[in-house]
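The chain below stands alone and is given as structure tokens, in the form predicted alone.
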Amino acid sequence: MPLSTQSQTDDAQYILVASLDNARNISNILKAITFKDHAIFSATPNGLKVTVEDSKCLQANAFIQADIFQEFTIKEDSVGFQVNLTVLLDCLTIFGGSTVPGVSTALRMCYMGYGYPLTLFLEEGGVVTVCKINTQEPEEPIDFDFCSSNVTNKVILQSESLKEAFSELDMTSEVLQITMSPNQPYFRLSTFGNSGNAHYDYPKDSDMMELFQCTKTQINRYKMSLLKSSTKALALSCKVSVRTDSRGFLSLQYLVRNNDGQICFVEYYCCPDEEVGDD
């Protein structure tokens, strides 16, 4: 593959080099968090974290571990930059994102440091395209201060069951109400849309429920317009962890398997819209 034969002297100028045999393994994950144009990239020796935010109410993070890449070289403890995510995705799919068996687009992503563009070398069928995307100094992501010690309720579900719920609930509702409780209804999703109120309940011993850890009854509402962004990640995922903390902040963590069976995570944090008293 031509990309793997780039000379080592070329690599010497870069502080970050990441290579993939199949660019779709990163483009699919990035699509799951594309709801705003700009994304903050943070690289460490553990891998790549990509963050997108909306109105200080919603944050999405995609975690792509270093071992997902065929090559992942970083010369500093951490490397950060901001890029236009829409432009990056356009470049990653420049060959049309071929789904033909055995045909994939190889990617080599290189970054020289502050002020330099993010350079993509993309190769398919012997044709190499080079894209250079302007970078900006990264903004500091919002700290939602969501730590496991403050988590009051947590469930892990098969994603299929959550997809089913979203297909049955009224998405014209302005909010999604989530009830989590050690008592019935245990885990309930509610909407209040044009066709009336709708509830979707999960028994705690449901086959679709892998884990049920609820210590207190919480009823919180979240803006549907914010949560709709996370349905892209839900569509790709096989499992989802739903957690709320003592403030009612919501964490949705999606486990996504790529085409090679490797696991990546996409996490959404969402502020509560309004708190509802216990019924």
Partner chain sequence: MDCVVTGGNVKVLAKAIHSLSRIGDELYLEPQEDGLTLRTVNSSRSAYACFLFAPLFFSRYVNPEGHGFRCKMAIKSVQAVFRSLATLEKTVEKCHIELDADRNRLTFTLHCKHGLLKTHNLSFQDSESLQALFDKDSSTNVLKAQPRVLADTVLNFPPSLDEVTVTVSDERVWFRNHVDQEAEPSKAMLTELCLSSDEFDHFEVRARSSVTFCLKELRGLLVFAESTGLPVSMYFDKPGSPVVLSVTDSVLDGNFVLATLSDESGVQTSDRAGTPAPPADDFMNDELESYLIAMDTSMAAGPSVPAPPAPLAPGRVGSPTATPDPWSPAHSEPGEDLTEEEEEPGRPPNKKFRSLFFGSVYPPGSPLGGHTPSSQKVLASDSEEDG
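This one's a predicted model, so the numbers in the text were calculated from it and none came from an experiment. Residue numbers count along the first chain shown, from 1.
One more form of this protein, predicted together with the partner chain, exists but is not displayed; see below.
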- Query: Which one, I142, I156, M112, A198, lies within 4.5 Å of the partner chain in the predicted bound form by heavy atoms?
  - Reply: A198
- Query: Which of S167, S149, N183, S78 has a heavy atom within 4.5 Å of the partner chain in the predicted bound form?
  - Reply: S167
- Note on the structure: In contact with the partner chain in the predicted bound form (heavy atoms, 4.5 Å), from 159-167, 173-181, 70-78, 114-122, is stretch 159-167
- Task: Determine whether any heavy atom of E137 comes within 4.5 Å of a heavy atom of the partner chain in the predicted bound form, and answer yes or no.
- Result: no
- Query: Hey, in the predicted bound form, is S206 touching the partner chain, heavy atoms inside 4.5 Å?
  - Reply: yes
- Since the partner is left out here, which residues of 52-69 would have a heavy atom within 4.5 Å of the partner chain in the predicted bound form? none
